[in-house]
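Let's start with one chain on its own, the form predicted alone, as structure tokens.
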């Protein structure tokens, strides 16, 4: 029988995520999936999983899990403290962004991130919850997929071959190479320095003509602050309202990942993985896909600026 991960502390929000449900927008089903897709893929790589295997995505306050059998795990994404135990009667620090062995009954504890919002826990064999429409992702907007984790829940782990010492050493080497490329260290105290602001590249359209010339000119020059109301649906920004040239609302039309929708307040919302598939507020532009992982890690109070793509 394959092991499971017992949830001792679910944190603020811990969900199961993979690469999501692309291709169902015409049915009103959001894509969902890991908000920081590169971090989730790296976590899987560090335990020898395929990139699309289901992982756990934590939010802001980490989580605590207990292994019911021997497992191999890795934690990536927003850098946080990682502890395992009991080790010699207590909890011992474990490396971030590196494979870690847990024996039967041992606990994995993730602290609050030093930078960013979302950390990822991959386990060898993947999270084996039953898929819905081809994905194991939790969709917080439409409530598809598994519910967010709750204390006492047993999260099933997929079957996998045992990790021999030679493979474990190779995975550790892969972790060192990945950290060298990213420039990140191995733990909570090695987080990258705070950025002055997050720059999101954006292409104007399709409804930028619904905004005044002054608003379009102000968009790349105005700093915005990430709101506490941000979530997996969207990054809500507070700052200079974008003045409308055309009043009223448009008929609902399709929305894409990264769309910057502007509600009546004039303050933009960057749509993330759980965004609605249609909307009636105009979209002033679309954030380039390369910036979405960084947007997913933006914390309330962080400063965001937009840079126009003009080619």
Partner chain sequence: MAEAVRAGDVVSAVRRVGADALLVEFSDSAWVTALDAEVRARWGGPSERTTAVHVGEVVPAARTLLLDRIGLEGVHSVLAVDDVQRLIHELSSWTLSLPQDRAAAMVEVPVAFDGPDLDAVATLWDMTVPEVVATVVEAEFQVAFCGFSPGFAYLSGLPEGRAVPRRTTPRTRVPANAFGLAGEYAGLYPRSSPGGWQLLGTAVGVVLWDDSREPPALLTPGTRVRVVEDEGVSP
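Numbering follows the first chain given and starts at 1. Bear in mind that the values here come from a model prediction, so they are computed numbers and not experimental data.
Missing here is the form predicted in complex with its partner chain; even so, the following discussion is about that form.
*Asks:* Using a 4.5 Å heavy atom cut-off, which stretch among 141-149, 155-163, 224-232, 90-98 contacts its partner chain in the predicted bound form?
*Replies:* The contacting stretch here is 141-149.
*Asks:* Which of 38, 70, 266, 254 has a heavy atom within 4.5 Å of its partner chain in the predicted bound form?
*Replies:* In short, 254.
*Asks:* Among the candidate residues 172, 179, 216, 203, which is the single one with a non-hydrogen atom no more than 4.5 Å from its partner chain in the predicted bound form?
*Replies:* Only one listed residue qualifies here, and that residue is 203.
*Asks:* Kindly indicate whether 31, 207 and 277 are, all three, within 4.5 angstroms of its partner chain in the predicted bound form, using heavy atoms.
*Replies:* Spot residues vs its partner chain: full contact, yes.
*Asks:* Is there any non-hydrogen atom of residue 22 lying within 4.5 Å of its partner chain in the predicted bound form?
*Replies:* Residue 22: yes, in contact with its partner chain in the predicted bound form.
*Asks:* Does residue 262 reach its partner chain in the predicted bound form, with heavy atoms at most 4.5 Å apart?
*Replies:* Answer no; every heavy atom of residue 262 is more than 4.5 Å from its partner chain in the predicted bound form.
*Asks:* In the predicted bound form, does residue 272 have a heavy atom within 4.5 Å of its partner chain?
*Replies:* No, residue 272 stays farther than 4.5 Å from its partner chain in the predicted bound form.
*Asks:* Residue-level contact is defined here as any heavy atom of the residue lying within 4.5 Å of its partner chain in the predicted bound form; does residue 286 satisfy this criterion?
*Replies:* Contact check for residue 286: yes, within 4.5 Å of its partner chain in the predicted bound form.
*Asks:* Given a 4.5 Å distance limit between heavy atoms, list every residue of 114-141 close to its partner chain in the predicted bound form, or none if there are none.
*Replies:* Stretch hits, in order: 132, 133.
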